[in-house]
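Just the one chain here, the form predicted on its own, laid out as structure tokens.
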């Protein structure tokens, strides 16, 4: 999403030729080095065998890609909407704004629910992170970050801590207490450090580990207590904008999406990409697992949302209309998995029937683009955040 993408050019001494040039990060056996563009090209050429050229390797990669697509196509025996023809259509669908949370002084960029189904944490371009009581709309805690554009925030599974970060390139964890007057900044713990902005963060199934995604093109798993890097995930060719942890108890996989138009599924134990999907035509702003964990949805600047089946290893549905020309910034499933909620840059929230691929409702209320959206843990409501500085709870 171009409005939230920040390019950082680093100039300095190349670790290979030692000349002062524009540098790019290169990972060799998990060690990060800074090489100039010339040395990167030379290093690529050094690994070539006799009679090999970069062009020949590229064409070989393309032919392997087309073979993979052919194998995927063999599994493509029936369309999702054909299977769904026997399923009953959804009845009357009514959702309204039940609460409006006002307090941020600028664009709301991210939000997350607490497991208690009541509290919400949100972050904003104003540099503030606020913990809300969604029932009363009261603010319970507020933290002022050292930077603006706090693009990521997350609630710990226990509800006793929050994590956040953005243009400071860090992920910071703040413990929450019942004393609302306590100085939370004094208890801040800097856990993760990237070489570019933090775009997303999520606790794993415990408070002890946290996953982060960054504009430096990587994702990483960190130990909260020590701040140690446990695993790094390299594979995206551009900024990583979003991630989501698989909804299993073990939680050993997660999915990420980014500016390279790819959605990638990762094994947290090995650090390897185990599946990759590249059917979007622009940046992927949001990814969310289907409740069963067998599929995931994505929302993109190409004005579509898509559903990918992990077992069939392919895209199975596209949620779009010719009248929708603005990008989808955030997606989430209802608890049953039958509905897909998607927030768009045209200020609306569209509700899609996942099986039939049809739109069942449009929700109006926000006065600027919808930037974030999450369904509550019990599925009875969902919350959206917007560039109009507010959050809305819908039910």
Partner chain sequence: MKGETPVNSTMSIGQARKLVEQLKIEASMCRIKVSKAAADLMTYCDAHACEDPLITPVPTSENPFREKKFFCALL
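Positions refer to the first chain, counted from 1. Note that the coordinates shown come from a computational prediction; the quantities given were computed from them, not determined experimentally. Rigid core here is just the name for the largest C-alpha set that superposes within 1.5 Å across the two forms.
Another form, the form predicted in complex with its partner chain, is not on view; read the next lines as being about it.
Residues of just one listed stretch (266 to 274, 187 to 195, 157 to 165, 216 to 224) have heavy atoms within 4.5 Å of its partner chain in the model of the complex: 266 to 274. In the model of the complex, at least one heavy atom of residue 334 sits within 4.5 Å of a heavy atom of its partner chain.
Its partner chain in the model of the complex comes within 4.5 Å of no heavy atom belonging to residue 174. Using a 4.5 angstroms limit between non-hydrogen atoms, residue 146 is distant from its partner chain in the model of the complex.
Contact check for residue 20: every heavy atom lies farther than 4.5 Å from its partner chain in the model of the complex. Contact with its partner chain in the model of the complex, judged by any heavy atom within 4.5 Å, is made by just one of 179, 322, 77, 281: 77. For the stretch 336 to 355, the set of residues having any non-hydrogen atom within 4.5 angstroms of its partner chain in the model of the complex comprises 336, 337, 338, 339, 341, 355, in sequence order.
Once you line up the core between this form and the one not shown, the Cα of residue 65 stays within less than 2 Å of where it was.
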